[in-house]
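Take a look at this single chain in structure tokens; it is the form predicted alone.
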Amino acid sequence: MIEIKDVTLKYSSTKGIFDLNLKVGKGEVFGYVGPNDAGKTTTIRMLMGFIRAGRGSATIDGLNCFSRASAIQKHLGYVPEDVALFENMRVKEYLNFIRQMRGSFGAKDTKVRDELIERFEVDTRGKIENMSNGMKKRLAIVTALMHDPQILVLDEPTSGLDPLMQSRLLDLILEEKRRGKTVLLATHKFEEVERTCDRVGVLKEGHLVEDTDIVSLRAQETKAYLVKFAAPPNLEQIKKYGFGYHQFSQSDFEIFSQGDRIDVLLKVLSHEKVLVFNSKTQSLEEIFQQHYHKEIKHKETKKAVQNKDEKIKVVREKDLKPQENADSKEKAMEVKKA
């Protein structure tokens, strides 16, 4: 449904998106996460046809995102991070205007719109300019979804909403998912990804550094268990099975396990007298932070290797130059003798 192939869109040498490839299938909720300035909004603005990619292609439901933007937008629900509405319009007038822009006229069924208005408690009586920022965001959500689109593109949709409305929106995303809708959710809130998404793409400095399903990502987490023993445990046995640990006292430990190996850990601990066993789990945010650190280390290692290769090359060139000069002089003497 949503496909980006080899897209590069630069604002500068370090700002933008670079060699981006991602695909969101029908009925899938795709979490698009990353820190500020990672390129999430740039990606979405390109998908909406507001800006054109310098290289590569982007399509929604088979239509080119730039040349067919108007056709795409009629059948797509879009919630921007920063809402811009016609301030001088009344709310009802604005909703009718949007319906007409999408080609819906007359007394067509407004059931979905009315249900959304009730769900998000939007006051339709006054002017938009008199609404709070949170209420404007709720109106933007109603506007984006009232035509029951099959594809949703949501850019930080919960920003500006109070906790109750945030929860209602996430519940709605899950309902739309069950109905087979396709959703691209750009967010920096990892709890939203954990709650709603099937798959997640991690964006860093314009590059997609991870594209995986939530289950696989969860398998990467390091789980920690707080354990209190009746007597000092056999640490060699714990290390033998690949478990790390941090010792607080002779009997209090924090034991670390990569992925889901609790069955193995329990077998190891079955030979000990355990008084307390509590588990701690990482959030997706902690997993992503670990991934970012790995990426930074990988880049630093790669750069160090490149620098080392360049130094070796320079040294070799210096060693070769005297020999080249000697060969040149020898050839010149041979020519002179001839």
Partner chain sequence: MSIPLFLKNMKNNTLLLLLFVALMSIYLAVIIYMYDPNGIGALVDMLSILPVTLVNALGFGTIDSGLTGFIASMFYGFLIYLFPMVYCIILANRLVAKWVYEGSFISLLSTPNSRIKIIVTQGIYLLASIAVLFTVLFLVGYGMSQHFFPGMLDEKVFLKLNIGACLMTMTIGMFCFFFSCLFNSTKPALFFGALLPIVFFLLNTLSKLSEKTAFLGKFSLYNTFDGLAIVNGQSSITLISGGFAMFILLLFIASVGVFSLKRLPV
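Not measured: the values here are computed from a predicted model. Positions refer to the first chain, counted from 1.
The same protein also exists as the form predicted in complex with the partner chain; that form is not shown, yet it is the one meant from here on.
In plain terms, the part of the chain that comes close to the partner chain in the model of the complex, with a heavy atom within 4.5 Å, is 94-102 out of 222-230, 119-127, 163-171, 94-102.
The partner is absent here; in the model of the complex, the one residue of 212, 110, 73, 247 having a heavy atom within 4.5 Å of the partner chain is 73.
For the options 78, 190, 253, 243, the one in contact with the partner chain in the model of the complex, meaning a heavy atom within 4.5 Å, is 78. Proximity of residue 88 to the partner chain in the model of the complex falls within the 4.5 Å heavy atom cutoff.
Interface residue remark: residue 274 is not counted as part of the site for the partner chain in the model of the complex, having no heavy atom within 4.5 Å. Although the partner is absent here, residue 63 is not a contact residue: none of its heavy atoms lies within 4.5 angstroms of the partner chain in the model of the complex. The partner chain in the model of the complex comes within 4.5 Å of no heavy atom belonging to residue 23. Along 1-39, these residues reach a heavy atom to within 4.5 Å of the partner chain in the model of the complex: 9, 10, 11.
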